[in-house]
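Take a look at this single chain in C-alpha cells; it is the form predicted alone.
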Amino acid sequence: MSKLLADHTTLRLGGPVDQWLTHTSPDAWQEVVRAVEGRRPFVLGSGSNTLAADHGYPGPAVRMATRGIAARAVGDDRVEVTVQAGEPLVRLVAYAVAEGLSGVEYLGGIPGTTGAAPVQNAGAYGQQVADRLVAVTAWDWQHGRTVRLNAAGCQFRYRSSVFKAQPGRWTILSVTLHLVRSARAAPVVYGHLARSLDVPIGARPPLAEAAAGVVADRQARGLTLPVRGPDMRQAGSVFLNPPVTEQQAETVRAAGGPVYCDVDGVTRASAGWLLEQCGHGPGRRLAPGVYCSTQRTLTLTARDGATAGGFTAALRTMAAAVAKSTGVQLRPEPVRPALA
C-alpha cells in the first residue's frame, strides 16, 4: 500500500510517494542514501510547514526521526550543543532551559524539528537560528558527500537560507548551536510578550519564566500545535511578512498598520494586517474545506473536503487581493515538495 504524505503533514493533505523511508539512526544515513538509488528524496521532519500536492511526490520521501542532544563546554560560559535533525525543536528548548542555557528560550512552541529550523531560519520574539548557529552537518546530494556548513555558508536571511533557496540539494543531519550559561533570558524586545510577562521592554526575566511566557503567548494566539477543534489541521502562518518600499511603509503607518525593520535592515509590513485590510478575517471560508483560522487571519486551516489544490488557490486569492489593493507582494511560507 502506498504511503500518503497526508499521513505525515499537519495539514493532512498530500498524495502518495513512490518510496517511503524513516531515518532513525545517525549511523545509518548511508543506508538511506543507497536505498534511494541516486534519486533526491523529499525530506520531512514533522511536516508542520509542508503543503504537499494532491498527486503526491514522484520519488522517495524520507522522514527524519533521529534523536539526541549532546553538549560540550567551549569556554567559561559558552556551550556548544549538537542536536540530531529529527529532535523536535520544543525538546531542544526544554533541554536548554533545564540546563540553564540561554539563546533559544524564545523559540519555544514553534512546531517542527531542529533539522528543519535552519532551512527557514526559524525565529520568534527577537531570536532566530542564525544568531546561535555554529554549523550544520548535511548530506550534499549534488556531490554525494557529507559537508559541514558554518553560519556564513548557510546564507541566512529573514526566514530563508541556502537550503530554502536550493531545495532538495542538502539534507540536514545535525545542527550545532552555541548557547550561553545564564539564569536570565535574553532581553525582551516584543511589547505583547513584555505585557504577558509583566516586565518592561529590555528586561531579562528568569530563563524558565521567559520560556513559559512565550509558550503561553503562542497558545493564546493559536500558534502552537496540536490544537483542537476546527483549526486542528494547519501549517501555521501561510505568508511571510513582506518587504515594503518607504512609500508603502508610510501608507501602512498612516492607516495604523505595523511596520518594522528585520534583522537584515529590511522594512517589512504585517502580512496578517494587510490581509485584514482586504476583507479577510478569522473564520472566513476561502475554498472548499479551506478557512482562515478561527483565531487569526494569517493561518489557514484544512477541514473536510479540503485539497492541496484548493489550499493553493486560496493562497493565490489572498495574495492577489493584497497586490491589487496595495501593490505589496506576499510570498507563501509553507514548503512545497520539489520534483524528484
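For clarity, every value in this text was computed on a predicted model and none was experimentally measured. Numbers for residues come from their place in the sequence shown, where the first is 1.
What comes next is about the form predicted together with a small molecule, which is not displayed.
Chemist: Though the small molecule is not shown, can you say which of L179, L133, L207, I172 has a heavy atom within 4.5 Å of it in the predicted complex?
Modeler: Selected option: I172.
Chemist: Tell me, which of G213, P242, G236, G103 has a heavy atom within 4.5 angstroms of the small molecule in the predicted complex?
Modeler: Exactly one residue meets the criterion: G236.
Chemist: Any chance A85, I110 and T113 all have a heavy atom within 4.5 Å of the small molecule in the predicted complex?
Modeler: Heavy-atom distance to the small molecule in the predicted complex: all three under 4.5 Å.
Chemist: What stretch, of 119 to 127, 182 to 190, 144 to 152, 254 to 262, brings heavy atoms to within 4.5 Å of the small molecule in the predicted complex?
Modeler: Heavy-atom contact with the partner occurs in 119 to 127.
Chemist: Report yes if any heavy atom of Y291 sits within 4.5 Å of a heavy atom of the small molecule in the predicted complex; otherwise report no.
Modeler: Close contact is absent here: in the predicted complex, Y291 is far from the small molecule, nothing within 4.5 Å, heavy atoms only.
Chemist: Can L223 be called a contact residue for the small molecule in the predicted complex at 4.5 Å between heavy atoms?
Modeler: Within the cut-off, so yes.
Chemist: State yes or no: in the predicted complex, is some non-hydrogen atom of T50 no more than 4.5 angstroms from a non-hydrogen atom of the small molecule?
Modeler: Contact check for T50: yes, within 4.5 Å of the small molecule in the predicted complex.
Chemist: Do G45 and the small molecule come within 4.5 Å of each other in the predicted complex, heavy atoms counted?
Modeler: G45: yes, in contact with the small molecule in the predicted complex.
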